[in-house]
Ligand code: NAP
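This document starts with one chain, in the form predicted alone, laid out as structure tokens.
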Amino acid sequence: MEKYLVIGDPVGHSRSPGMQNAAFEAAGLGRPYGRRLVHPEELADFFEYARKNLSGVNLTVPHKLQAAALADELTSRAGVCGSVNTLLISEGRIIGDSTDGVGLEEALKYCFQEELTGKKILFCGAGGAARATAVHLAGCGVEEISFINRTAARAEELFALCRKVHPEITGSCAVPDDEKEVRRLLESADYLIQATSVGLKADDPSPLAERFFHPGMKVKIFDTIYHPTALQKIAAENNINWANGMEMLIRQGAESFELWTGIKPDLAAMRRGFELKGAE
């Protein structure tokens, strides 16, 4: 019987079931983790189902912001960023937490083998994934956090939130059409974090035009999407150091697993489980 789920819209692409079930099996807890398609208008009803039937939930796009309003209680880190990707359910009470920030921090360190202190971080996107991760990274000793986002006001609001939590942070915001500022930000950044949903579909273009990239750039690209995307192809063709979102998914999932069970998961087992696309 499923006691844990990942939900989203879409959700068929999710590698969480194979990854999490590998961790549960390694801990001798069977395979209790599944997936469910939940449309945004169904989320409130799903919360009532989860309250009575589940022990934990992971949430992916587009539910992270709405879930923060539906939970009975938020952890401090979820409350600060207003984003939820993990539900802890006990005796009918739902606590919303956010493990995305920890997941990205640990993934960047693992993939690029360096600390984040003093680095300049540039986010493409300012939605739920960016909210959770940017606020967290602002507390990791980085020097600068900037945003490129189609809606300038949303980026500015998120930058202000980062400054509110960590006043020493510097940075700026730009829209993709502001070519001069986008180029300036890309040339000065140590990391570009692709935190939009662009790339989930196989025919999606890169969220930033190919003309912005060239060989020899110092920027390292981390795409939170873990299957091949146009941006990843551009990075490879220009010999830019890059990584996909696999390790972030594993690290945020590991944090969720430990919150649910009190057990540190087997990361090697989770990596093997990640490769089992469609595993339930």
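Quick caveat, the model's predicted, so the values are computed rather than measured. Note that residue numbering begins at 1 and tracks the sequence as displayed.
The form predicted together with the named molecule exists for this protein as well; it is not shown, and the discussion that follows is about that form.
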So the named molecule isn't shown here. In the model of the complex, which residue out of Cys162, Leu192, Ala78, Ala126 has a non-hydrogen atom within 4.5 Å of it? Ala126
Out of Lys109, Arg154, Lys120, Arg184, which one falls within 4.5 Å of the named molecule in the model of the complex, going by heavy atoms? Arg154
Does the trio Thr196, Gly245 and Met248 actually contact the named molecule in the model of the complex, every residue with a heavy atom within 4.5 Å? yes
At 4.5 Å between heavy atoms, is Val61 in contact with the named molecule in the model of the complex? yes
Indicate whether the named molecule has at least one heavy atom within 4.5 Å of a heavy atom of Arg150 in the model of the complex. yes
For Gln232, is any heavy atom within 4.5 Å of the named molecule in the model of the complex, or not? no
Is Leu200 close to the named molecule in the model of the complex, meaning a heavy atom pair under 4.5 Å apart or at it? yes
Within 4.5 Å, heavy atoms only, one stretch in 217 to 225, 22 to 30, 36 to 44, 50 to 58 touches the named molecule in the model of the complex. Which? 217 to 225
